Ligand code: ATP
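Before any questions on binding or motion, here is one chain by itself as C-alpha cells, the form predicted alone.
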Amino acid sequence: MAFVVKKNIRGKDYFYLNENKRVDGKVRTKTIAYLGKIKKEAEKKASEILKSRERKIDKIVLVKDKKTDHKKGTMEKKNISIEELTTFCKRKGFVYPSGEIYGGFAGFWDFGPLGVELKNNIKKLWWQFHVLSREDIVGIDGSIITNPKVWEASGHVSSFVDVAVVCKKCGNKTKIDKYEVGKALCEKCNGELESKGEFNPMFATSVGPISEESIKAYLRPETAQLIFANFKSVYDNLRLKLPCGIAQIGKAFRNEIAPRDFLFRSREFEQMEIEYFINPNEEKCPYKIPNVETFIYSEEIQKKNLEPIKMRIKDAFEKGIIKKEWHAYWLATELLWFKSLGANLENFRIRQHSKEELSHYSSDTWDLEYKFPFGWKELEGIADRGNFDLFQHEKASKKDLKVFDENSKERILPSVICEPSLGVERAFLVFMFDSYFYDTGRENIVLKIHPKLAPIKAAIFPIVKINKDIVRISHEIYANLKKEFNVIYDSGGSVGRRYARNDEIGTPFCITIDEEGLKKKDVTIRDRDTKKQIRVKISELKNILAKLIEKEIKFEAAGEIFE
C-alpha cells in the first residue's frame, strides 16, 4: 500500500510518499520519496512516481510528530543517585569502567568520546581563568615519577598515612584519618569501625631494567611537590615577583583501600592545582575579594553543632570568621569560577578543618564542599601551607631556595598562603549533577550544561536527506564549523528524535537546513534550554555561534525569531 504522509515539523507541512510492505510477517513502512511542502504539487509528484510503477495513491494521512512540538512540557531539575549517573555516563559515552571486557578494575575509569571532551573543556577553562587571564600565575607540567627524595623530604614517605578500617556491623571497608580512630562511625550503617592498621596509599614502583640496580620510586600522590622542587628555577627564569603563583594540571595516584562513588574516589585521578607564594611578612591581599555568597561552616560553628550560615565571603573575613584575607580571596575566586560555568552555588559550602584534622603542613585549611547525592563532600581543598615545603626541600637538598623580593628588598623563603587544589573528576561530577534535567514534554533527559563546557557545541541537521541540495549545503556548513568547533552531522530519524538525542548529551544548539533556507541562504538555530528558534544567515553563522557559546549575546537577539 502506497500513501502520502504529511508531517508537521516546527509548524510547517512536509509531504512524503511512503509504502507499507509485509516482511517476515510484519508490516514495514518505507519512505519512497520526499514530495515537497505544497499539497497539490505533492499529490501530482506522487501520482507521477506511482504511474511509472503502475500504482495509485491509497490515501493522504497526517502524521503528528509530537517530538517536534517545542511548546509542550516543562524542564524539571532531576536529582539522581551516583549509581544512576554512572549508568548514564556509560550509556551515553562519557565514562566507561577501565578494562570492562575483562571485568573492569576498581578505581580506574576510561573517558569516552563525550567524556574526554567535557574533561578537556574543564581543564582548558580552568587554565584560562587561573593562568592565562592573570599576570601573577604561570604553569608547569611536572613528571609523574620523580626522584624519590622529593617524597622523603615532603614527608609523604613517613607521614602520608591513612588507617584501614572495617565496619563490625556491615563489613564495609574504608579508610579514615588517624585523628578519627575511635571517633568515626561507618558511613553506611553507623556501625563501629575496627582498625586494621595504618597504610601509605602511595603506589610504589621501580626504576631501572635490572632488578639489582633498580631504584624504588613512587607514582606521585599529588601534583604540588614538583611545583616546590621547581619553584626557584621558575621564579628566576620568568622573573616573577611576589606575590605569585605556579599552576599545574596533571595525574595523581593513590592506592585507595576502597574506591567508591564512581569518579569521586578513585585510584587514578587528575588535579588542577595552584601554589600561591607570598612574602611571609606581608600577608595583605592586594586583590578585591569577589562578591560571592555561600554557606560558611567554620570550626566554631561545627563545635557548637550549628547549621552553616549563609553570607558573603567578604563579610566572613571582615567578621573574623575567615582569618586571612588571602584565604577569603581564593575561596571566593574558586566559587566564582564554578558560578561562571553554570554551577548552582546553592549546592556549595566552605568548611574549615578542625585543628585535629589539619595536615602536617597546614596551619589553616578550608574545603570547598559540594552536596553530592551521598552527602557533603570535599570538592577542593584550600590550605595555608606556610613555608613548610620549601623549607623541607631546602634542608634535604642542601640547595638555597630563597629568592629576592623586590618589595622588601631582601632574600626570603616565601610562604604558600593558599593552595587551591581541585580534582578534575570531582568538578566533572559537579557539572553533570547540576545540569541534569528532565523534559516532561519530550520525556527525555536534557543535560543543560554550559555551552563552553558542552562536549559538542552544535549539531547540523538536513531537514530531509532525500533533497541533494539540502544535504550538500548541510555538509558544507558542517565542514566549515568543524574547523573551529566540535560539531556533529546528524541525519538519522525525525528532527524530533535528533533534538532528543542531542539534548541528552548536552548539545546547546541544533542547526537545521530546510528548503526555505536554500532560497534565503539561511538556517534555523534551536536553543536546547528554551527550545526557541531563530533564523540566521549562513554567512553569519560561525560568528553568531561563537558568541552564543561564549554567552556574549542573548539567543533571542542573535537572529530572527522563528515560530
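Given the structure is predicted, the values throughout are model-derived calculations rather than measurements. Don't overthink the numbering: it's just position in the shown sequence, from 1.
This protein has a second form, the form predicted together with the named molecule, left out of what is shown; the following refers to that one.
Taking the partner from elsewhere, K232 is found to have every heavy atom lying beyond 4.5 Å of the named molecule in the predicted complex. Using a 4.5 angstroms limit between non-hydrogen atoms, E378 touches the named molecule in the predicted complex.
A residue is said to contact a partner when one of its heavy atoms sits within 4.5 Å of a partner heavy atom; F388 fails this definition for the named molecule in the predicted complex, lying far away. Not displayed here, the named molecule is kept clear of K452 by more than 4.5 Å at the level of heavy atoms in the predicted complex. The partner is not drawn, yet in the predicted complex one stretch among 489 to 497, 420 to 428, 471 to 479, 302 to 310 has residues with heavy atoms inside 4.5 Å of the named molecule: 420 to 428. Checking Y436, F264, Y218, F295 for any heavy atom within 4.5 Å of the named molecule in the predicted complex turns up a single hit: F264. Site annotation in the predicted complex: the residue of T174, Q392, Q271, T86 reaching within 4.5 Å of the named molecule with a heavy atom is Q271.
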